[in-house]
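The chain below stands alone, shown as structure tokens; this is the form predicted alone.
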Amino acid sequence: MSLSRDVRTIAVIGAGKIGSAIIKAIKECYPDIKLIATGRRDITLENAKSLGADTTRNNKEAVTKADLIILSVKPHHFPVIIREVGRDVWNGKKIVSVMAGIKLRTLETVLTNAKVFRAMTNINASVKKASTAISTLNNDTYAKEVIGDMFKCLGTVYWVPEEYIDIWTALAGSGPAFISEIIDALVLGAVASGMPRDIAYKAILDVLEGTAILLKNRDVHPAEVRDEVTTPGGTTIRGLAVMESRGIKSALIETIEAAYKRSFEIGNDIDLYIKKELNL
């Protein structure tokens, strides 16, 4: 993978948890690319600097110097960024928003003459195992290739219609938290049955990784693997019966639906807020 020659400097506006994970992945992937990180707190800037980025509190300076900008601030901070930087400085630049909720049409209206993309990734970017969805209204194939190559540094990239981004936020963005809760519950079950926590934790991580690889390699419905493991009157069916009686599957379905609805609500609220704040 290689970024195009016209991308020599990338600015990450907001080098928090996701921003710093992106910086780390890009720097390891493209050591010759110059990275500029901004942040409001000393600890944020110190961390970004330790990852190989130049740092500044001046967002306008960072945007001006960069060929490609990643917007990774909290959505309600976006109007502050625009007031500080202005609206014309983005002209001709490639912009990727990883801010939740802010729609592509709003970004295109605010960021004058920029090539705008909207992405949703997750914290797994820190180990190059992120699942990133990207949307754009821009038909520039060259720009799409540049953005796609950059996010491949973080893990797997999927180009999706913007209408799926809020669902992606619930499934992939929040997914590591949901899966971590499930892992913790399974570990506690093993502890309750008499196994030391450290052994149980390592075991379930191995099981999770192995099952994911198995499903990917075989490309089958998860139910097929479940049925292969389940034998008449055995341990698996006894455990599955408890899961069924407690409504675990329906609870997980509702978990994703609730997270999606909240993402959609936040998106609409933030979009209206930004339009009001910037008099659009």
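Throughout, rigid core stands for the largest set of C-alpha atoms superposing within 1.5 Å between the two forms. This one's a predicted model, so the numbers in the text were calculated from it and none came from an experiment. In case it trips you up, residue 1 is the first one in the sequence shown, and so on.
Just so it is clear, the following notes concern the form predicted in complex with a small molecule, a form of the same protein that is not shown.
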| task | Look at the stretches 208-216, 35-43, 222-230, 243-251 and give the one with heavy atoms within 4.5 Å of the small molecule in the model of the complex. | result | 35-43
| request: Taking 4.5 Å between heavy atoms as the contact cutoff, choose which of 137, 195, 80, 127 touches the small molecule in the model of the complex. | output: 80
| query | Contact between residue 18 and the small molecule in the model of the complex at 4.5 Å, heavy atoms? | reply | yes
| message | So in the model of the complex, is the small molecule close enough to residue 74 to count as touching (4.5 Å, heavy atoms)? | response | yes
| field | residue 171: touches the small molecule in the model of the complex, heavy atom cutoff 4.5 angstroms | value | no
| said: Is it the case that residue 107, even though its partner is missing from this view, gets within 4.5 Å of the small molecule in the model of the complex, heavy atoms only? | reply: no
| So, does residue 211 move by 2 Å or more at the CA between the shown form and the other one, with the core held fixed? | no
